[in-house]
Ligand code: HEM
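In the block that follows, a single chain appears as C-alpha cells, in the form predicted alone.
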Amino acid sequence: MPEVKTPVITYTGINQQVEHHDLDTTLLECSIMNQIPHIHECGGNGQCTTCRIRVMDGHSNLNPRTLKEQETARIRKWDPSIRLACQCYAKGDVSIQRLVWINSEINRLQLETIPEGIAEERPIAILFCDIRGFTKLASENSSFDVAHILNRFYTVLGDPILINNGVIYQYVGDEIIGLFGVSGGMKSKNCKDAVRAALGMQYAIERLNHIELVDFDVNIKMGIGINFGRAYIGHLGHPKHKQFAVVGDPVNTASRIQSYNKEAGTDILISDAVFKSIPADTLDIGRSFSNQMAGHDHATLLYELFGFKDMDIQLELQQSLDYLLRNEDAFASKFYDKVFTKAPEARALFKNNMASQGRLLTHMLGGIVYSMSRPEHLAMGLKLLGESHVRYGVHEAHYPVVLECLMETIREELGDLCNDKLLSAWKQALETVTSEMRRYAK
C-alpha cells in the first residue's frame, strides 16, 4: 500500500510551513494548533469573515465552498481564491495567505457591504474631530516634522474609532471623521461606541501632548461633535472612479456641532439624538445649548460630554492596551516566567518556540479587547479558545494561576499609569474571559 503523504500548509508572508496531520480539522484550527496568530472573531463559526485567506496554490486540495461561504462570497463579491479558513479542509498541500493581519483592519470589512453605484439609507452615528492649534505647529516646524506629527495624530485619533467598531471615513486636513453602524447594529450601541471613541480620542491627545509633542512647544486641543441620523451610504462618483461616500443632513449637522465647540468653549458636544439613544444616567453631562444650525428651521439641542458616570470597562482597557503591549515580547516573557514559577508542571505544555507562543498570547489579549465592541462574536471566540486550550493540555486548575499571573504582569507593565480603577477594569474583564474559557476545560 502506498504511503499517504501528510499535507503541508504553507503560510506565505511569514514563510512558515506546518504539517496538517488531522484532516478532520479546518485550516483555522491548523493555525491555532501550530500557534500561528489567525484572527477569528466569531470562533470559527462562519458568522464573520475575519479568518479569510487567499489560496495561493492547491485550490483543488480544498473542499468546495460551503453554503455559508457561497452566500458570503456572493454578498462581498469575492473572487474564487478567497476562502474562509474556518470552512476549509485540506486533503493535500496548500499555500495560503491570511488577509486580516491585525484587529484594527477588521472594521474596513464593513465597507464590503456598501452598495455599488447607488446610495442606501442607513442609521449611523457620525463623529467629527477637529485638531486645534495645528496651524501654529505647521508654521513653526519643517514640513517633514509636520508630516510625521500629522501621521501620529491620525494614528492616535484613529485607533479609538477602530477599536469601537467604527469606520474612518475621511481625513480632511486636520480633521478626522468616524462612522458607527455602517453595517447595522442597535442605535444605542452605535451611539455609545461613538461616545467611547470620542473619550478615547480625548485621552489619546492628552498623552500625545505630554509625551511626543513636549519638544515642539505646542499644546494641541481638539473639538468633537457627534450626531445620529439616517444618511445615504454608497460607492458614488464617476463610473470609472467611485469612492465610498456618506451624504445627508445628519453628516452636515455633525460637522456643525463640532464647529460649535469653539463658540461654546467645550471639547465634546453630542446632539439630542445621541443623548436620547443612550440609556438614561449613563453619561456625565455638563452644560446644554440650544442652537439653530445653518439650513435648519428648528433649534438643535446639544449637550457637553464629560464622560461616563460609572466606570466603562471597555474604555479603561482601550486606553491602556497600547501602552501595556508596547513591548509585546517583554510582556509575554514576564507572564510566562510567572506562570512557570507558580506552576512548574505547566512548562511541559509548551513544546514549541516560546517566542511564537508569546506573540500568540499578546495577539489574543489585543483581540479580546477589540472584540468587546462586537459582543455577538466574543462569546463564540472564547468558546473556540477554551476548546483549543484543552487540546494543548490546559485544565481547569490552571486558570486561577493564569489570571493571577496576568494581573501581576499588567500591574508591573502599566507602571505609573496603574491605578485602582484601571486594575479593576482589567480584573473584571479577565475574570469574565477566563471564566468563559474554563467552562470548556471541565
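When you see a residue number, it is the position in the sequence shown, counting from 1. If you're wondering where the values come from, they're calculated on a predicted model, not measured in any experiment.
Below, we turn to the form predicted in complex with this ligand, even though it does not appear here.
Contact check for residue 433: a heavy atom falls within 4.5 Å of this ligand in the predicted bound form. Contact annotation: residue 62 falls outside 4.5 Å of this ligand in the predicted bound form, judged by heavy atom distances. In the predicted bound form, this ligand sits beyond 4.5 Å of every heavy atom of residue 409. With a 4.5 Å cutoff on heavy atoms, residue 350 counts as touching this ligand in the predicted bound form.
Contact with this ligand in the predicted bound form holds for none of 146, 207 and 211, as no heavy atom of theirs lies within 4.5 Å. None of 102, 364, 118, 355 but one reaches within 4.5 angstroms of this ligand in the predicted bound form through a heavy atom, and that residue is 364. With the partner omitted from this view, the residue of 405, 378, 55, 32 that lies near this ligand in the predicted bound form is 32 [heavy atom within 4.5 Å]. Remark: of stretches 305-313, 185-193, 356-364, 125-133, the one touching this ligand in the predicted bound form is 356-364 (heavy atom within 4.5 Å). Applying a 4.5 Å heavy atom cutoff to this ligand in the predicted bound form picks out 368 as the lone residue from 365-384.
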